[in-house]
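In the form predicted alone, a lone chain appears below as structure tokens.
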Amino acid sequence: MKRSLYALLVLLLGSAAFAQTTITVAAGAVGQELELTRAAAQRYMEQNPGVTVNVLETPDLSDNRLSVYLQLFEARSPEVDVFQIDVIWPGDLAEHFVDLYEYGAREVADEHFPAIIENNTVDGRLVGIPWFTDAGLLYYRTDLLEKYGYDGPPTTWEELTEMAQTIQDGERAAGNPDFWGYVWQGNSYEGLTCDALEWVASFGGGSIISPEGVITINNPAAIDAVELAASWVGTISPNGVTSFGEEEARNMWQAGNAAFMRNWPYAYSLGNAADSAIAGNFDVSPLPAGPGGSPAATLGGWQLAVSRYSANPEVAADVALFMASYEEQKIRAVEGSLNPTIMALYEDAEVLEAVPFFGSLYDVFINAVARPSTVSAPDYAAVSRAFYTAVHSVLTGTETAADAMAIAEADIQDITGLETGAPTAD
């Protein structure tokens, strides 16, 4: 394993130069994330005596996590040195982070997916080192598809709706009244933006705001997509799905009470854990397509950024680069099915043995649909809130899809000042 920058500095300057340094990493706790991050912190400390790495648990929902971060930034607080940041935040938060190119990242940047490095680069500054990436996937019960005579997972939303209803009816008749056909993320938060973008894009309804800066969300395909999703609530999805995040959906699925689930790759290793009711009885596939459209998966993923308010930015950057290294990303892939951002790991035999779909669904990950965070920066958070609030109003029956998309269009125009128009064909 390569020596870290910290270890080299210790050799050159002596351990006293960095004695008693404490670095705090703000990290997520969805699935196994917190456990994996703490294990990485322990490995760093074993290699770098004199540095203590504390891992601070942050809220599961990205909107709540962002609120915590913004409070720290407003106070210019040195309490957190390294922040786990969403793929959509670099443009909005760049002013609060150091340029990692000044701390050794230039030597490793070429190992990562170029599109993610580009996403994390603001005005020539690398504000986040890629840590893991992901995209939305469809999880399905292989045993139940076989039981009900299906040859494979659905390729269209219409097929999913029919298959989910058939399996749900059959399982309830067989004695499981708590069984549902399809679970997903329907709460009013960033996760709903991800799910809804997949519905809209797969119907040919665009990506909320086009890369050229045109607000496109108010169109017939987008309206049809959101109407279809609303029809699932209370039929193939529980009424409570409108308050589900990733973990609520996964818990119902992993307990054996759903035929299909939309979620991120992290749920794969947990679903195959020893305590899972569905271990060995599920697989993953691309999400379905809309009528006349093609499958769409929202690009997700997280980066590590170093606070400009840190008292120890050199050591903090060294921790971030260590945690995002080849060796550490491999551990996270094998143990937590978290997609690497380092391209070579998709050819690593141990990674592919642990998570076979990293190879078979590689195209899904590299062709995922980006949320309009770059084109709307620094106002993406407000844009997303306007969109998911509008979609949620349809799911809960307080607005029609047509009215809600018109409201979203008007709100996004007020926020950004951009022009409106129709989505262009891919």
Partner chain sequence: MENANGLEAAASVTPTPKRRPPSRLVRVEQRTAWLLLSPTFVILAVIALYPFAQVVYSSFTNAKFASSTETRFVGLDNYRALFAFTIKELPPRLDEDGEPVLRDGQVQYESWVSVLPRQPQRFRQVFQFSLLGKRYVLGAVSAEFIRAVWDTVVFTVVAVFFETVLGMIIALTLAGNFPGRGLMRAAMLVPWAVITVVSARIWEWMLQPTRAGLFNTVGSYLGLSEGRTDFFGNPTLQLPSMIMMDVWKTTPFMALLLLAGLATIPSDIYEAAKVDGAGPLRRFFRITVPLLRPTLAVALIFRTLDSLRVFDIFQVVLGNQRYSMASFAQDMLVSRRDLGMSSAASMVIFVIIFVFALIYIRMLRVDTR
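Numbering follows the first chain given and starts at 1. Computed from a prediction, not measured in an experiment: that's the story for all the values here.
What comes next is about the form predicted in complex with its partner chain, which does not appear here.
Among residues of the shown chain, E353 is not one whose heavy atoms approach its partner chain to within 4.5 Å in the model of the complex. In the model of the complex, at least one heavy atom of A381 sits within 4.5 Å of a heavy atom of its partner chain.
Although the partner is absent here, T22 sits far enough away that none of its heavy atoms falls within 4.5 Å of its partner chain in the model of the complex. Its partner chain in the model of the complex is approached by N187, whose closest heavy atom lies within 4.5 angstroms of it. Contact annotation for the candidate site: D92, R385 and Q413 all lie close to its partner chain in the model of the complex (heavy atom within 4.5 Å). Only one listed stretch (147 to 155, 246 to 254, 200 to 208, 343 to 351) carries heavy atoms within 4.5 Å of its partner chain in the model of the complex, and that stretch is 246 to 254. Proximity to its partner chain in the model of the complex, taken as a non-hydrogen atom within 4.5 angstroms, holds for one residue of V375, L66, A41, V364, which is L66. Contact annotation: of the candidates S231, Q165, N312, N239, the single residue with a non-hydrogen atom within 4.5 angstroms of its partner chain in the model of the complex is N239. Using a 4.5 Å cut-off on any heavy atom, the residues of 69 to 87 that reach its partner chain in the model of the complex are, in sequence order, L70, Q71, F73, E74, R76.
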